[in-house]
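Shown here is one chain on its own, the form predicted alone, set out as structure tokens.
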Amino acid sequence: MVFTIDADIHVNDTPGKLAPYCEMPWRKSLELLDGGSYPYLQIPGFAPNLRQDPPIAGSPPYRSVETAADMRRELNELDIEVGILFPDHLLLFATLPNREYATALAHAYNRWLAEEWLQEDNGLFGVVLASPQNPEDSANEIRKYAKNDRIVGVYLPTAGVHPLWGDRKYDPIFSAAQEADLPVCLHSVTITTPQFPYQLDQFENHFARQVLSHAFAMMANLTSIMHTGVPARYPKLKVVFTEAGIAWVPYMMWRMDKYYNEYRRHVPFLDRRPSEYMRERMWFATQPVEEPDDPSQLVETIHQIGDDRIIFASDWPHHDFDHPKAILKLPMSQDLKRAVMGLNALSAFPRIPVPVAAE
């Protein structure tokens, strides 16, 4: 039997819904934004994004899920037993420049998530939002919500983050996450900002920006995390990468190992090759799963990364989500399907109770 843990589903975190959970005076800001007719991920001061493309007729509509009950019903239809909740609009959280506002907004999101989505034993779990604008406060939030057994990880906003997540200013976040045995979860989204990845503004359409942005952001942050020795300095810290696919991972393993051998004096704190840290304490979510003409090539990619390193993610309820069948139809053994669809996630997120099907 295959049971499914979905490592990336999204809640509808609008300004109006977060406003009642936000401290003054920033609650007033969210109330002013509530009800505005803004396109997806283009809410000023909340989900800011420079969109350069004209509207295209026939484009898939934006879709969201409003309640935990609705989410549970929809996941049941997809045969997904367990879902890990990420924000939607606050995927662009890292670009907010006001430290006080960002701190209040992070508090509001975490309160809203815990009270509106995580009150029932329904297979839904959440990740606490860490504010890169205020790492010390984020460490306190992690310790606070670590007491909630339905919080299973720490969300690190990745789109437009500056500096990248390997910077030592974020050490309080990594220390608190390791202390709580909560994996840190990087999640990216396509965005055009002055921050990495640079030059996305030079592309004429969203096709090019979407091809590069997610994987480039993960590659940059992985390199940043490695080059400052985060895995060595926090030897029990787990790291999860979501919404970038997996094909970039072997390339980064090979490339970082090559330059580790060549420039070891630059990273004396790394006592092992980068690929060894990756295969020991990092996990990579499938969505958006690559679709080579020969599906066996994707299976070979999984083997190269490590059969125990890959976890399933759907990105529900976005229009480009991956159905569980996208993985189940791959030409791989039942044991590997069980690992990718659920067992590996139990290792990455040890707070998730073992489903009856797994037992």
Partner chain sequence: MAEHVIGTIADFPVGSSTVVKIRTIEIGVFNVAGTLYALPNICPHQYGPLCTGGVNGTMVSGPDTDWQLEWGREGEILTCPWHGIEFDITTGQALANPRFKVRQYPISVVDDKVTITLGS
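Bear in mind the structure is a predicted one, so any value in this text is a computation, not a measurement. Numbering follows the first chain given and starts at 1.
What comes next is about the form predicted in complex with the partner chain, which does not appear here.
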item	value
Close approach of Lys258 to the partner chain in the model of the complex, 4.5 Å, heavy atom	yes
Exercise: Pro97 in contact with the partner chain in the model of the complex, heavy atom 4.5 Å	no
Heavy atom of Lys236 within 4.5 Å of the partner chain in the model of the complex	no
Contact flag, Leu212 vs the partner chain in the model of the complex, heavy atom cut 4.5 Å	no
Partner-contacting position among Asp121, Glu262, Glu77, Glu204 - heavy atom within 4.5 Å of the partner chain in the model of the complex	Glu262
The unique member of Arg273, Arg279, Lys169, Arg111 whose heavy atoms fall within 4.5 Å of the partner chain in the model of the complex	Arg273
Answer range among 228-236, 123-131, 136-144, 279-287 for contact with the partner chain, defined in the model of the complex as heavy atoms within 4.5 Å	228-236
